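So this first bit is one chain, no partners, the form predicted on its own, shown in structure tokens.
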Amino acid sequence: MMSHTLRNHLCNLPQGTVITGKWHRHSYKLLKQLGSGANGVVYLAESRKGLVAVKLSDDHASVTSEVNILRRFSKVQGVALGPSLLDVDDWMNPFLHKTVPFYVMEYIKGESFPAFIRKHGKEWVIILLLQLLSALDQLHQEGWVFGDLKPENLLVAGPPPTIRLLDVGGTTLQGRAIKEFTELYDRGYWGLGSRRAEPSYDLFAATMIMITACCPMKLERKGDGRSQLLSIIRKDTMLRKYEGVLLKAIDGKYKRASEMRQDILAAFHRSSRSRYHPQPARQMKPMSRRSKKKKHRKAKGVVETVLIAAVLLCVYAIYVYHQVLH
């Protein structure tokens, strides 16, 4: 972890600071800070080849680990597990006269997951979650667990809207202890499992991402974690449709992300069929004007919902088509 003095310094580098690598001699002009964490700070920077993201840290071991993970990710074809690695070098900091290791990544332009959901509606949560589970399944097959999975580490790029995983600092080899976590998305915090790096750890976090996207209130554990989460799921119309899937993930019953993904798709199709299939005819009664207005509003709502579902299915079809092409 960075020392307090160096953390403050690296987090407050002035706009326009030029980082020049000691070995490769590539230069990067810092434009603005994108984020910071326990192991470093990330800046948007200008390079000869366009915009990039530069991560600086004083923790050589952490930088080496993250670079190795990004290199590993680059070998996994067909899914965007993380940004592409572009450069690795050291910077002689002229202010503190210290060598600061850094690496340069692809800058992914897009919206944060929470911002995208606020703008486009929580109907998108399922589409993006399906994409996330595909990416996690690939990652788990490579022997890794993402670890610090949370909305802030997800970006929606596109078009078509495509989820991307950011900040690989918490990625951990399966079987080891999770390196980094955020309490709200950590099953240990909720008393629902260990912090051992295994696929079910990430799937619990994915479930919490879905819950917080649908219920953006401030959450903290109060008493029995499972009962509290179950109560939240049952109170929300959308979450209630996926109650069985979410509970299996909360209880750590999924061994693979692909299993959870299949169950979400099945629940989605069941929900669609039950909503739009006509009910058996009942004995007709004369309708009052109020009843007619109520029926008209209900019919209008069903049509709007059908259209939303159709649009989401089209978008998902486009996403699958692009995945097959690439």
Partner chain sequence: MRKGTLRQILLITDGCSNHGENPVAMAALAKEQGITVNVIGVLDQDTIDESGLREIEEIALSGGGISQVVYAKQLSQTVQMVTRKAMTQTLQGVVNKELKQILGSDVSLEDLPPEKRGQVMEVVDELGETVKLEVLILIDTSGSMKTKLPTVKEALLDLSLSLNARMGDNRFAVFVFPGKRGDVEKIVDWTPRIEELSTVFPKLTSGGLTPTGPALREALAYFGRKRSLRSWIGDDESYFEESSM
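Quick caveat, the model's predicted, so the values are computed rather than measured. Positions refer to the first chain, counted from 1.
The same protein also has a form predicted in complex with the partner chain, omitted here; what follows describes it.
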Please tell me whether any heavy atom belonging to V88 falls inside 4.5 Å of a heavy atom of the partner chain, as the geometry stands in the predicted complex. yes
K179: heavy atom within 4.5 Å of the partner chain in the predicted complex? yes
Should P94 be counted as a contact of the partner chain in the predicted complex, where contact means heavy atoms within 4.5 Å? no
Quick one: is E183 in contact with the partner chain in the predicted complex, heavy atoms, 4.5 Å cut-off? yes
Between P216, G193, P114, G158, only one gets a heavy atom within 4.5 angstroms of the partner chain in the predicted complex; which residue is that? G193
In this chain shown alone, the residue from R164, R72, H140, K241 with a heavy atom within 4.5 Å of the partner chain in the predicted complex is R72
Tell me, please, which stretch of 43-51, 26-34, 262-270, 63-71 lies within 4.5 angstroms of the partner chain in the predicted complex when heavy atoms are compared? 63-71
